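To begin, one chain is listed below as structure tokens, in the form predicted on its own.
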Amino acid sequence: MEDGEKNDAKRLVFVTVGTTSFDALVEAVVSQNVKDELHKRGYTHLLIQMGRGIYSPTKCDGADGSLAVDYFTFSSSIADYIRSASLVISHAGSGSIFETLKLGKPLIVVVNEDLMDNHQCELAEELEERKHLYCARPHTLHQTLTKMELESLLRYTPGDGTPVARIIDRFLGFPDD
């Protein structure tokens, strides 16, 4: 997974907060220092799926050479947005994480520290330790971007659930195939 060279092609950063609200992530990603870092790394467009959040960022068409910014609240599927992205910045929901990793897209997971019993943090940190993604908090997103080396990320390969399924089948009395 590589950051790539700066060129004239559209390089999209897709941001997803899921179905809830995560205004701290939206505010962090549209902060000037984060937008500047994304632009410096050759990204041209920032598209934010902002869920139920109440913070509305300022849209920008990028005509002045700056990062183009757009947003929407919900979509029936975000898979196409992820596919078209050069980088995904996501909340720490397991569905969004694994969908992005299965599509082979570079990923920064931003943990929502306001959630109680935050098991999502454990998942994100474990996958970061295995070098499949970067993990940040809203207040560390800029720092994560400046240190990010996408070529160091390892492609995620889903595990094989067959052995576990066989054990469950045996337990339930189903014959082996």
Partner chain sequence: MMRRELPHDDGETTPLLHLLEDVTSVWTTIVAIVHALWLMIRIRPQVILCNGPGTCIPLCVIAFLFKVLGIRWSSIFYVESVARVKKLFLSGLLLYNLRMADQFFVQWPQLQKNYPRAHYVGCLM
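Residue numbers count along the first chain shown, from 1. What you are looking at is a predicted structure, and each value in this text was computed from that prediction instead of being measured.
Note that the form predicted in complex with its partner chain isn't included here; everything after this is about it.
Candidate site formed by 98, 126 and 158: every one of these residues places a non-hydrogen atom within 4.5 angstroms of its partner chain in the model of the complex. With a 4.5 Å cutoff on heavy atoms, residue 168 counts as touching its partner chain in the model of the complex. Looking at residue 40, you'd find every heavy atom of it more than 4.5 angstroms from its partner chain in the model of the complex.
Its partner chain in the model of the complex is not approached by residue 59, whose heavy atoms all lie more than 4.5 angstroms from it. Contact check for residue 164: a non-hydrogen atom falls within 4.5 Å of its partner chain in the model of the complex. The candidate stretches are 66-74, 146-154, 29-37, 127-135, and the one lying within 4.5 Å of its partner chain in the model of the complex by heavy atoms is 127-135. Interface residues of 91-107, taken as those with a heavy atom within 4.5 Å of its partner chain in the model of the complex (partner not displayed): 94, 98, 102, in sequence order.
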